[in-house]
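Next up: a single chain in structure tokens, the form predicted on its own.
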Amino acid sequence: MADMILKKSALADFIKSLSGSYKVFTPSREGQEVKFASNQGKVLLDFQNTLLSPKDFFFPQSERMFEYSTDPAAADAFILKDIATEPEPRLVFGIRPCDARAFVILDRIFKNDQYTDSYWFARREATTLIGLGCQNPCPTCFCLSVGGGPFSEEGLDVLACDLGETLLFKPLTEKGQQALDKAEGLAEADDKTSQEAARIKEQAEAAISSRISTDKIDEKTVMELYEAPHWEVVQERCLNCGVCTFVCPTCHCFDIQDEVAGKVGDRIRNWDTCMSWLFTQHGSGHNPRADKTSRVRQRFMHKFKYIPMKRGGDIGCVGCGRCIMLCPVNIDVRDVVRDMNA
């Protein structure tokens, strides 16, 4: 699979040519917010990252899973019917490498030795991801400290690099190569162009000055971390608002509810948050995380201790920095991890 190059002036035609085979999503700006949209207008390349994680491509904030009749006279009353449909082929252009790494982490969570989340994987398999290297990392980014990088290839089908007047495309999977084969305007890149992309990658990595260490967390026991005094300091500031979990690309808590209108019922999966007391409230009335300290501790222990213990050392954070930028009381995950690692 050879690296390919595209003139930026031909980017609109490139996207249009792909739209014949996929529903294509590209970054676009709406007011102050950058999000992925399926319009065929100008493709935004000059941005740092989207406000929200793109995990809702595969794990929607709210989705209907089953429907049923509540009419007692109906022969199929209260029998759940799966309403999942075959997802259409999609292509997401411009996704950041940190967010693509998050999908790999979630792949290992949504499929384990007991269960496979068919909703997640049906969308994953139908979607092709063309990443865009992160040449101007935010000051809150720390992807290099958690196993990633601004040009990480993990989870992507193609990685693109902005070279100024042109874009370099590096195919990484057969699915990515198939997408490039369908696109118009590409030409094979020469060695000099690939070398320039490698230089830009090194420059971007050097621009990330924010680093944390996690080596001592692995050495500490669960109870040693669990009973550490710094959790009381963190919880004093935390509002338990849940913003950090909703913008996080690896947070995946959900709740399933039945909603009934008239004689029709829907079983719906909605995002939830471990910051909410209701999330762990048992039917008996008991709540194992009834106080704020236990909920704050759970968020960080899950990402930096429990997931690494269960997933071969992989940290459940990709260092995108969204939670740092959006926390209303300026809780910085890097400071919390430094306390855990002290």
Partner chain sequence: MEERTKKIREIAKRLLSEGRVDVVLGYRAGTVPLKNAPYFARTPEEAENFIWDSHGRINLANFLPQRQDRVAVVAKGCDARNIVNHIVENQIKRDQVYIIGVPCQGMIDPGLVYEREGRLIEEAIEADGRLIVKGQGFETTMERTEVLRQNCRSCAYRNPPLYDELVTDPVPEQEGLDPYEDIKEFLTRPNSERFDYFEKLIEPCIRCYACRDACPLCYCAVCFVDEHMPQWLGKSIDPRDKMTFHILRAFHCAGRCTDCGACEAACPMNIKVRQFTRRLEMDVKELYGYEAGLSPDIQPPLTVYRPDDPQDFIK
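Positions refer to the first chain, counted from 1. Just so it is clear, the model here is predicted, and its values are computed rather than measured.
Omitted from view is the form predicted together with the partner chain, to which the following refers.
- For the three residues Q203, P229 and M340, a heavy atom within 4.5 Å of the partner chain turns up in the predicted bound form in no case.
- Screening 146-154, 114-122, 252-260, 217-225 for residues having heavy atoms within 4.5 Å of the partner chain in the predicted bound form returns a single hit, 252-260.
- Contact with the partner chain in the predicted bound form, judged by any heavy atom within 4.5 Å, is made by just one of D76, E236, D181, D82: E236.
- For the residues V43, L52, C274, I307, the 4.5 Å heavy atom test against the partner chain in the predicted bound form is passed only by L52.
- Put simply, F110 is far from the partner chain in the predicted bound form: not one heavy atom of it is within 4.5 Å.
- Taking the partner from elsewhere, N270 is found to have a heavy atom lying within 4.5 Å of the partner chain in the predicted bound form.
- Under a 4.5 angstroms non-hydrogen atom cutoff, the partner chain in the predicted bound form has I324 among its neighbouring residues.
- Using a 4.5 angstroms threshold between heavy atoms, D314 stays clear of the partner chain in the predicted bound form.
- Taking the partner chain as it sits in the predicted bound form, the stretch 193-212 never comes within 4.5 angstroms of it through any non-hydrogen atom.
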